[in-house]
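Let's start with one chain on its own, the form predicted on its own, as structure tokens.
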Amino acid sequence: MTTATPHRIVVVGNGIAGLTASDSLRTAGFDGELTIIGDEYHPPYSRPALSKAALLDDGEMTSHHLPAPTHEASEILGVSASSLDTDNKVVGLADGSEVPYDALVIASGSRARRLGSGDAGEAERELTLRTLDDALVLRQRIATQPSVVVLGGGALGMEIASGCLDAGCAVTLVSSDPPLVRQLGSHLSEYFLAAARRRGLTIATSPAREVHHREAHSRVVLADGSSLEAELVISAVGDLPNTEWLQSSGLLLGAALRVDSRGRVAPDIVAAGDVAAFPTARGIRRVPLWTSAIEQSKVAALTLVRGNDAPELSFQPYFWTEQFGLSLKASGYLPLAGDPEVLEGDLREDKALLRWSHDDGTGTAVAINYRIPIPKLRRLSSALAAAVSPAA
């Protein structure tokens, strides 16, 4: 079954999901009016680079740059979507204007969650790292080597802590669980935590409850009654999908924007990226990762052009992080339980290719400081596949 190709397509979101959807629409042959709405003035950039190389780029920050878009869309930048009228097919903008559409791509992404209230005064003192502007502010702040408290022991929190240490800051990371255990499991959590401590990271294992800002310092109050003083507090405590503008649209199920296996929310509306919850082998969930957004967006764009003739999403998780002198790439579902099968190398030498097998017959392959193309890592992630040399 095919679908009539729309004349006007509007893409809400100018991150990697919106960019990929727009480029994919053109590649699929869509030659109608294409409009992109973005709440930032910046062109699309690599968000993963912001917590890695971008914090420490020498001179002008460039590691976040992406190739120039090829979609030749009209762009409305620096203004966010504020409402959606699905009956009249109109996107309302925060400046009061409206943008009509025949078909719509929702790629409005997510924003950083804060521990504090998020008012303007606190935002200046409790930093987050989500946008390019956030990264520019943080680079400037850590250049003077302040004392730092990082809230959150996930991958982002650990990457920020690593970058601050490399900049010469004294850093304490607050995490209610062992850092990275929820993302990677205990085996790799212990490994990364040992590397972090060798580099000088201090860990506080009681959850943060409050943040109080003073003139020169901030105080983080922990659940055990103790407190930490620092010149800079950085929150990395998760994200929130940008769905508020959809509240009156009738598209949300509770607070979630759910899509089918082709990214559809409605016959003329698709969604992709951090904002969307989609079917995976382990249930319907948001997967706010770079490669996930790219894969979802390609499928969603084809669905607007080809309807049910478009392929369904075949999702295989891919995750990577760089911190404390270690680079990890993982293909397959996380976190990981138990000990791995060692395919190559040795973790004691900080270079290894590992695999975990799961009860459902799948597996997860992990490369630590190991050069291996993503397709080969993905082949290794099958627990039933024979181990092959990365050099083969």
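Remember, predicted model here, so these are calculated numbers, not experimental data. Note that residue numbering follows the sequence shown and begins at 1.
Here the subject shifts to the form predicted together with a small molecule, a form of this protein not shown in this document.
Asker: Spot the stretch among 47 to 55, 24 to 32, 338 to 346, 362 to 370 with residues whose non-hydrogen atoms come within 4.5 Å of the small molecule in the predicted complex.
Answerer: Of the stretches listed, the one contacting the partner is 47 to 55.
Asker: So, Ile37 and the small molecule: in the predicted complex, are they within 4.5 Å at any heavy atom pair?
Answerer: Yes, Ile37 is a contact residue.
Asker: Just checking whether Val10 would be counted as a contact of the small molecule in the predicted complex - the rule being heavy atoms within 4.5 angstroms.
Answerer: No, no contact at 4.5 Å.
Asker: Going by a heavy atom distance of 4.5 Å, is Arg114 a contact of the small molecule in the predicted complex?
Answerer: Answer no; every heavy atom of Arg114 is more than 4.5 Å from the small molecule in the predicted complex.
Asker: Would Ala161 sit within 4.5 Å of the small molecule in the predicted complex, counting heavy atoms only?
Answerer: Judged by the heavy-atom cut-off of 4.5 Å, Ala161 is well away from the small molecule in the predicted complex.
Asker: At 4.5 angstroms, heavy atoms only, are Val259, Glu295 and Leu377 all close to the small molecule in the predicted complex?
Answerer: No: no residue has a heavy atom within 4.5 Å of the partner.
Asker: Under a 4.5 angstroms heavy atom criterion, identify the one residue in Arg130, His71, Arg264, Arg141 near the small molecule in the predicted complex.
Answerer: By the 4.5 Å criterion, the partner-contacting residue is Arg130.
Asker: Identify, from the list Pro288, Gly238, Pro311, Gly200, the residue with a heavy atom within 4.5 Å of the small molecule in the predicted complex.
Answerer: Result of the distance check: Pro288.
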